[in-house]
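Read the single chain below, which is given as structure tokens and is the form predicted alone.
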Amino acid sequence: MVNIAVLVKQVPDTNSKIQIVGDRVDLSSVKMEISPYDEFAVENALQHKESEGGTVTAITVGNDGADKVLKGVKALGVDNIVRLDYDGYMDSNGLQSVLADEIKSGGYDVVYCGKSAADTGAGSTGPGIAERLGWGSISNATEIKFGEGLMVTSPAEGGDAIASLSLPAVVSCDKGSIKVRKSNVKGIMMAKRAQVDVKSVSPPSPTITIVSEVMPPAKPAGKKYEGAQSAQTVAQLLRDEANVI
């Protein structure tokens, strides 16, 4: 019986229009959802449970707005949902520290997470937690076979690498060929009544401070050419400016 943790994060919908108010991103009117790669982590965690038995606990860090993400994965079949209560900015050191403490106290055997979050794209959470725990770690997992340990496939130069990973371990998940399950009506109704286990945390003082946030520069206007007489000009631009030929 395996005690499995899966880390999930609430992020802005990737189709949302981001606004800057003052010198900060304003997320007050932005739709929030689970970070896409975390969906693959949840699916792998559930498949591990189905293969070897045990329980799956989803863990997130945030305020009560993040409960929606937890109840969403509860509807998929996660057994327990835990929120480490914190409202505000937390740097990677603080985030990894509070998660590592929770994983250690929870007695977990394996941790699954997305390879990176859709909002930051840092990809440091899984390896950082493994470093703090002294566990083995592998990133960009596209296929996992379960047993006493794990057989993990991940991209490598010229193909794929297959690694044997002993537990306890942290696995950061990529898409691969895995198909993410969808919640049904029964699961959704049960998840609505589910109790979130809320725990207070005290992260270390931040070592990084965000000074300001700005939108990326606007893309330059496109160029349009018509007629056969423009072919030489277009070819030159594709070669010299676009670097595609």
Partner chain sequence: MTDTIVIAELSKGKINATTNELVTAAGMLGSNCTLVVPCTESSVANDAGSITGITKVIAAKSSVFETYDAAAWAEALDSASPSGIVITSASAQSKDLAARLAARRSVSVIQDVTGIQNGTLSTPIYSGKAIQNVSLNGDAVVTIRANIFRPAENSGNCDVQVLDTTGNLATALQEMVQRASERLDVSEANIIVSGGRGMGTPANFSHLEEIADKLGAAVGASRAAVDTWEEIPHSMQVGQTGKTVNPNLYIAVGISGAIQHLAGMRSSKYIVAINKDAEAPIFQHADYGIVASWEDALPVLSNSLASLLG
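As the structure is a prediction and not an experimental result, all values here were calculated from the model. By rigid core we mean the largest C-alpha set that fits within 1.5 Å across both forms. Residue numbers count along the first chain shown, from 1.
Absent from the display: the form predicted in complex with its partner chain. The rest refers to it.
**Q** Would you check, heavy atoms only and a 4.5 Å threshold, whether residue 135 touches its partner chain in the predicted complex?
**A** Result yes; residue 135 sits at the interface with its partner chain in the predicted complex.
**Q** Should residue 127 be counted as a contact of its partner chain in the predicted complex, where contact means heavy atoms within 4.5 Å?
**A** Output for residue 127 is yes: heavy atoms within 4.5 Å of its partner chain.
**Q** Can you tell me whether residue 165 touches its partner chain? I mean in the predicted complex, with a 4.5 angstroms heavy atom cut-off.
**A** Result yes; residue 165 sits at the interface with its partner chain in the predicted complex.
**Q** Even though its partner chain is not shown here, does residue 157 get within 4.5 Å of it in the predicted complex, heavy atoms only?
**A** Yes, residue 157 sits close enough to its partner chain in the predicted complex that at least one of its heavy atoms falls within 4.5 Å.
**Q** So which of 118, 84, 76, 100 reaches within 4.5 angstroms of its partner chain in the predicted complex, heavy atom to heavy atom?
**A** Checked against the cut-off, the match is 118.
**Q** Which residue, 198, 27, 189, 180, has a heavy atom that falls within 4.5 Å of its partner chain in the predicted complex?
**A** Selected residue: 27.
**Q** Using a 4.5 Å cut-off on any heavy atom, which residues of 220-245 would contact its partner chain in the predicted complex?
**A** Residues within 4.5 Å: 222, 223, 224, 225, 226, 227, 228, 229, 230, 231, 232, 234, 235, 236, 237, 238, 239, 241, 242, 244, 245.
**Q** Return yes or no for residue 228: a CA shift of at least 2 Å between the shown form and the other one, with the rigid core superposed?
**A** Shift at residue 228: 2 Å or more after core fit.
**Q** At a 2 Å cut-off on C-alpha positions, does residue 237 qualify as shifted between the shown form and the other one after fitting the rigid core?
**A** Yes, the C-alpha position differs by at least 2 Å between the shown form and the other one.
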